[in-house]
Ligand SMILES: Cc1cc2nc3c(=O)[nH]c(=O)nc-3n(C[C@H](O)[C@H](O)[C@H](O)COP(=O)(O)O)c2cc1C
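Given next, in structure tokens, is a single chain: the form predicted alone.
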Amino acid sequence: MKTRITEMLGIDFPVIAAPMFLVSNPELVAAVSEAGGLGTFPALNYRKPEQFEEGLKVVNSLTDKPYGVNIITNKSNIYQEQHLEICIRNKVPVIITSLGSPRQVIEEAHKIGTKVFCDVTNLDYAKKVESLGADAVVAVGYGAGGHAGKIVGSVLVPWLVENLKIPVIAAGGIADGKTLLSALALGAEAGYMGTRFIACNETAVNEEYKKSILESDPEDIVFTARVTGAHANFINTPYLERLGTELGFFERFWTRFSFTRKWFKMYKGYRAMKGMGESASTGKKKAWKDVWSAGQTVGLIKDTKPAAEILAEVVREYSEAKKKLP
């Protein structure tokens, strides 16, 4: 299963555990990396930058294999410069940028040999980050958990592959060996798996969240901007049913103009992070206000097991599916 991504990072399998807000913890990151994939987590999983640095120390104590950190690079993340400084100081092997320009991250990271992957949802932005020096792009297709694009992965991935020189990583719709094989067949050089790893032993999210992953179907996933101000996928809990998926009158008004849109998204993002934290954390569950991020692959997930077993299962299914092809 050698690709440019596995060779670039020195990992065994082209599987990346996506950085999930308040889900990806040091134990999950280390387990995936130790099993031959690439574990990642968002810097914003920690309330303060100094706590983030302590989190990095925990990861480094659990594994000496490559891992990655996601940095939000727009103005909603007031800690982005501090997050970057901490990553550079600790020589984080991979930085994944999202929701903003990666220029500064790429410039600083490349000085120490750190690789930079950038989330993209269309070709124009993918070309831009390639011109800035990104080492790979993460093609976030429709149906991916959390913030996602509006183009299905089966179109987005080959479109980017055809027009870029750097590797393309497929995100959205990958939860097992068969879906990984399909992504690589389209030209991707690794697969992003997020939702599948929510239902694993290492994550510390509450059991109701995990149970919802196992019991939900693709039809239970809603794509809405009402939660964070940007379109994202969530499990359709009673709270989201009451909230609705369409922007209200005042929300539409605030998003009409570029200046007010920026502040509106920052406000919505802050509120969403707080609500998602209460929903995901053990012991802080508020059933009337559950906000659970997940992708359409929930329909393919039927059990909870250790992360290493999930990765081994994906590799086995990949080989079996490949043999069955005509």
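What you see is a predicted model; the values in this text were computed from it and never measured. Throughout, we count residues from 1 along the sequence that is shown.
The protein also exists as the form predicted in complex with this ligand; that form is not presented, and the subsequent description refers to it.
- Looking at this ligand in the model of the complex, residues P14, P167 and A190 place no heavy atom within 4.5 Å of it.
- Residue in contact with this ligand in the model of the complex (any heavy atom within 4.5 Å), chosen from L9, V314, M20, A307: M20.
- Contact with this ligand in the model of the complex, judged by any heavy atom within 4.5 Å, is made by just one of P102, G143, G177, P93: G143.
- Of the candidate stretches 69-77, 123-131, 177-185, 154-162, only 69-77 has residues whose heavy atoms lie within 4.5 Å of this ligand in the model of the complex.
- Of the heavy atoms in G295, some are within 4.5 Å of this ligand in the model of the complex.
- Interface residue remark: I198 is counted as part of the site for this ligand in the model of the complex, having a heavy atom within 4.5 Å.
- At the 4.5 Å threshold, heavy atoms of T237 stay clear of this ligand in the model of the complex, well away from it.
- Not displayed here, this ligand is kept clear of T114 by more than 4.5 Å at the level of heavy atoms in the model of the complex.
- Contact residues in stretch 161-188 (any heavy atom within 4.5 Å of this ligand, taken in the model of the complex) are A171, G172, G173, I174.
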